[in-house]
Every structure is written in C-alpha cells, then in structure tokens.
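A single chain, nothing else alongside it, follows as structure tokens in the form predicted on its own.
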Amino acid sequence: MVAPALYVHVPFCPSICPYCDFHKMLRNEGLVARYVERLEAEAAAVSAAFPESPATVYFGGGTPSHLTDAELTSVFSALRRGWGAGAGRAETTLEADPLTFDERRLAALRALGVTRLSIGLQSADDATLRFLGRVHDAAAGLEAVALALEAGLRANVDVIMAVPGQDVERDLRRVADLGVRHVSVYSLTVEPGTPFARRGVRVDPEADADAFELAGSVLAEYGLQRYEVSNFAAPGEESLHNLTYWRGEPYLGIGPSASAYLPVGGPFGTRYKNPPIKAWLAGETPEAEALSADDYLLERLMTGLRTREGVDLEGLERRVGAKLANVAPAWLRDVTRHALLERTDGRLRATPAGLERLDGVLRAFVGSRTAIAADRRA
C-alpha cells in the first residue's frame, strides 16, 4: 500500500494567536523531550506498517520551526530510519514563524532536507499584525521571507484577509513584490472558544467577498494563479503535499491530533485521528472511521471542487456506484443552471463564481442528497 504523503504535527508555538484553534501550546522543555521520544516511536511503528517512502512530508503545527536544531535533527533522523532517505524526496515542507529562523538556521534546514517553508507572515502591516496578536512586525516578516528565498528555498507565504481596517491590496503587493511564487490567502475566521470569539470580533461578509475577488486580480498580475480556493502559485510551484489532500489520495499522519487517510478497512478507505497530546503521549490509539460510499462522495466533492482541476466525476461515479444526477438531481441542476459548477470532459469544476460561494454550494448538496444505497436500489 502506497501512501504518497506524510503529515507530522508539531504542537508547540512561541506564542498563541487569538484567532487560532489548532492543537497547539507553548513549549515546555520536558514536554518537548517527551514529544520527540514519542514521535520517534510512532514513526518506527507507522513505517513498519506502511514501509513505502512518502514522496512528500509536511511539518505542520503549531510552529515546527520552534523546535531546536537538535530536536528537528532527531525527528528527521527518525523519519529516515523508518522510511529511508527517500522520504520527502519530491517535497519537504516546514511551517515557520518569521522570528524562528535566520541565515544560519535556513542553511541547517536545507541540510536536513527541507525544500519548502510555509511562512506565517499573515500581514505586511504593523497595525494588522498587532490586531492578529502576532509577535513580529512587518519589516521582520518581510525580511524573513526574503532570506528564505535567498537561501534557495521555496516559500509559501500565508496572508490573512478581511481583518478590520486592513488594506488587503497593499498586503498582497508587498508580499508579491518580494518574488514569492506561492501565496496562501485565508479569510479571518473567528472560531468558537478562541480569544477573538470571547472578545466578540466579527468579520464583515462584504469585506470578505471583496478580498476574495481582489486577491485573484492582484496576484494574477504577478503570474500567480488560483489553483485552489485559498492558494495561488506560479506554474510548477503548487504544493504537492496539499494536492494529495485535495485529490483524495492516501496520506499518513504522526504526532498529536494528526490525521491520516488510508485505503484500508473497506472499499472507500478509513480516516484516522490521533488523540491530543496527553493521550497521545500515553500511547492511546487513534480514532478510526471507515468511510461509506456517501462519505467518500461528499469528501471528494468538498476537496476536489476547491481546486482548479475539479473532480473526475465519471471516475468518482464508477467508484461509488451511483450517478450524482440521481443522488442530488435538484442540486446539480441548480448549480449548473446558475453557472456555479460546470461539467466538461468528464470533470466537475467550480466556476469563479462557484469558488466564491463554494461553502454554500456544498451545504446545499448536503441538504439535498439522497443516500447512495437508495440510489442503487432505484
């Protein structure tokens, strides 16, 4: 069984942003040491069960670059012991905070095998950064991006949009002017339980929609095209690891709260979810959920329609044994009539208008569909 991708979750952060609801925490030296030891054991166990070297490796968090050189070396060594030197041969990405690396650190990361940094810049404006609770200022953030590019690493730069008072166009141009070939833009989302939610922060829907449209036009001037709802890249600079998710391909996951999807346990595969760090350190096993045909169809539409390439609808219908026109006839008729989705060459794709309203399009599908089992009996 081949799993083309491996995700490694690193939950430690130098500070906690008020909008973030990922599984994260401030570092504690004893806790980090236990984390590294447990991760080494998990890598050994998972690689024994799935020995094929993953082509891409992605270190997410948290802030993986917050680990020390020695800690990262231990983690990379564990991956190589398990999967050999071929692990991450196509792409190895590390999420990084701008204040956690300099020229020396970048050289060390390259020596470990990192080929790509995903840099959490979030904004190139000091007031916006302060509102978001970021520790770095605009000058330090932009300098970090420039250093990564000068070091020969590919750099994905994250920008948060629809922040109250933000000049989105200025933010995007300051980033793109550096020569970045991949930009990820995310609307500010206020998740329940976060400090922003407790403070009553709200996102203006009109500002959100305007920012979505503006990002496409501004970044296109720099040769960056939207290949996924939130991601823009020059040709050949797309994130290979993330394309694995969006195409519904198998992937492994290690670390606390890490997820995996594997083609085992049934005809549509099984999702796995590691427990949070306390239970994970104690060795508790991940939750497992075998997907049904209905689950699989929904997941492929939810991920595939986010991308420019869309979904291989004919192949998907053969896989689940049902026609989409029978499962959700009114929905399919409405979204195509209103030019939100289009079907060409056996693929189903979102139009530009459909991408902007994709959440609503998918909610409508969930509300209108019938069970695939019932469709098969018809």
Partner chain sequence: MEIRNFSIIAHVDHGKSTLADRILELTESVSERDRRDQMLDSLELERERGITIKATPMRLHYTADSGQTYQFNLIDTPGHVDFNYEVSRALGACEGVLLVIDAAQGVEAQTIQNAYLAADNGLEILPVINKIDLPAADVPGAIAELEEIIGVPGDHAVPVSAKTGENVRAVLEAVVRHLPGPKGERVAPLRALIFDAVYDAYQGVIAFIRVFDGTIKAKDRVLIHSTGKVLEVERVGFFRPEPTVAAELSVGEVGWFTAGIKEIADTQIGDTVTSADSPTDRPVPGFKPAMPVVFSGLYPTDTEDYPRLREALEKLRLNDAAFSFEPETSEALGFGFRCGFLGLLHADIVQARLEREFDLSLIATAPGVVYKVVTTDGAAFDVQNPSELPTPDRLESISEPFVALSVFLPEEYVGSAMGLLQEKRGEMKDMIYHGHRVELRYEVPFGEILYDFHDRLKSLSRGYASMDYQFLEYRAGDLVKIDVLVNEEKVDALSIIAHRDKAYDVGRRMVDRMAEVIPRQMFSIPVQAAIGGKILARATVKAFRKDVLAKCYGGDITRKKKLLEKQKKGKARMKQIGTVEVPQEAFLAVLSTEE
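Positions refer to the first chain, counted from 1. Everything numeric in this text was worked out from a predicted model, so none of it was measured.
Just so it is clear, the following notes concern the form predicted in complex with the partner chain, a form of the same protein that is not shown.
Undergrad: Report yes if all three of 289, 306 and 335 come within 4.5 Å of the partner chain in the predicted complex by some heavy atom, otherwise no.
TA: Every residue of the spot touches the partner chain in the predicted complex.
Undergrad: Quick check on this chain: which one of 90, 127, 229, 201 has a heavy atom within 4.5 Å of the partner chain in the predicted complex?
TA: In short, 229.
Undergrad: Taking 4.5 Å between heavy atoms as the contact cutoff, choose which of 146, 132, 197, 298 touches the partner chain in the predicted complex.
TA: Only one option qualifies, and that one is 298.
Undergrad: Tell me, please, which stretch of 275 to 283, 169 to 177, 98 to 106, 290 to 298 lies within 4.5 angstroms of the partner chain in the predicted complex when heavy atoms are compared?
TA: Contact-bearing stretch, as computed: 290 to 298.
Undergrad: Should residue 302 be counted as a contact of the partner chain in the predicted complex, where contact means heavy atoms within 4.5 Å?
TA: Looking in the predicted complex, residue contacts with the partner chain include residue 302, since a heavy atom lies within 4.5 Å.
Undergrad: Do residue 222 and the partner chain come within 4.5 Å of each other in the predicted complex, heavy atoms counted?
TA: Flag for residue 222 set to no.
Undergrad: Can any non-hydrogen atom of residue 206 be found within 4.5 angstroms of the partner chain in the predicted complex?
TA: Yes - in the predicted complex, heavy atoms of residue 206 and the partner chain come within 4.5 Å of each other.
Undergrad: Does the partner chain get within 4.5 angstroms of any non-hydrogen atom of residue 48 in the predicted complex?
TA: It does not: once the partner chain is placed as it appears in the predicted complex, residue 48 has no heavy atom within 4.5 Å of it.
Undergrad: Scan 207 to 225 and write down, in order along the chain, each residue with a heavy atom lying within 4.5 Å of the partner chain in the predicted complex.
TA: In sequence order, 208, 209, 210, 212, 213 come within 4.5 Å of the partner.
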